[in-house]
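There is one chain below, alone, in structure tokens, taken in the form predicted on its own.
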């Protein structure tokens, strides 16, 4: 559809929730600089590696009254259409490297597994196929058939379980314990920390590419990042802090109202589990339990937490596909646009602008974490009238 309405940003007038947060900036380096560097070195050697584009959106910047909007598009990443390509596959590669040369646990005798809303499982399956081990992926009841087929295309066995994402996490962990499989999860919990750190180190490639492209120019003043369990946002927050220190952009976490575990954790002042009673359109962000590793980082680095309503999803996707005059058209999936929607909504609410010091001098970074990972879902949402 066309967004040639009187005000294509009108849908972002809908109510959002904002919780202010003052980062301590004294948190320990949960993901070390060496871990980020090791992931960059490995991933740069993968076939067909190339940095994803960082676009300028000058028309959107003018319309929202700020100096600059940058949009990093992860849709082209390794043909998997998602930033998740970097994390799961790298963790598989690192696991197999640890067992290289062991007769009983060589790659051909290893099975990796995880739970997924779609994109992480596709990355783990791709990594297993690429580096030579078996793979079983657990999905919950609401994961689309298109995403299930995309995982199976990389040779993985897909197991669907009743319930939500958190139920599929438990199912994968139980199956791994029973069968001697290795869990490659993008969320961490007590007793399971190291693999998720590797996954997050892989995500750090995104930050490194952004830093390299910005070069000696001033860094962004703000970035609005998708929430979920927090692994992606935590990796960006830590990598930017390591490079820019106190000059790093203010990090605003954005989640669906229906799955706001980070927002509720911020309200409570501690990591908090919430029920996910209704699935959000933003399938990759449908999470009720934060990652322990990610929360430790975000508690020290985040600069605010937001939730957005479902009504903003289709308009935000449409705004990317059919942009304001002169801006590039970008294929951004339903989980890619939370940061964009939070940013635009924030510019239209005086209390949020004042709380985060968002104004005419601001330079905003957005990261589109996926393209059309399920083409049917993407097309249906794009066709909505908004």
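These numbers come from a predicted model, not from an experiment. Numbering follows the first chain given and starts at 1.
A second form of this protein, the form predicted together with a small molecule, is not displayed here; the remarks below concern that form.
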Although the small molecule is absent from this view, report whether residue 127 comes within 4.5 Å of it in the predicted bound form, heavy atoms only.
no
Next on the checklist: Check residue 230 for me: does it contact the small molecule in the predicted bound form (non-hydrogen atoms, 4.5 angstroms)?
Outcome noted: yes
Review point. Would residue 196 count as touching the small molecule in the predicted bound form under a 4.5 Å heavy atom rule?
Key: no
query: Wondering, does residue 284 line up within 4.5 Å of the small molecule in the predicted bound form on heavy atoms?
result: yes
TL;DR on 204-212, 311-319, 82-90, 175-183: the one with heavy atoms within 4.5 Å of the small molecule in the predicted bound form is 82-90
As a check of understanding, the residue in 188, 226, 280, 168 with any heavy atom within 4.5 Å of the small molecule in the predicted bound form should be identified as 226
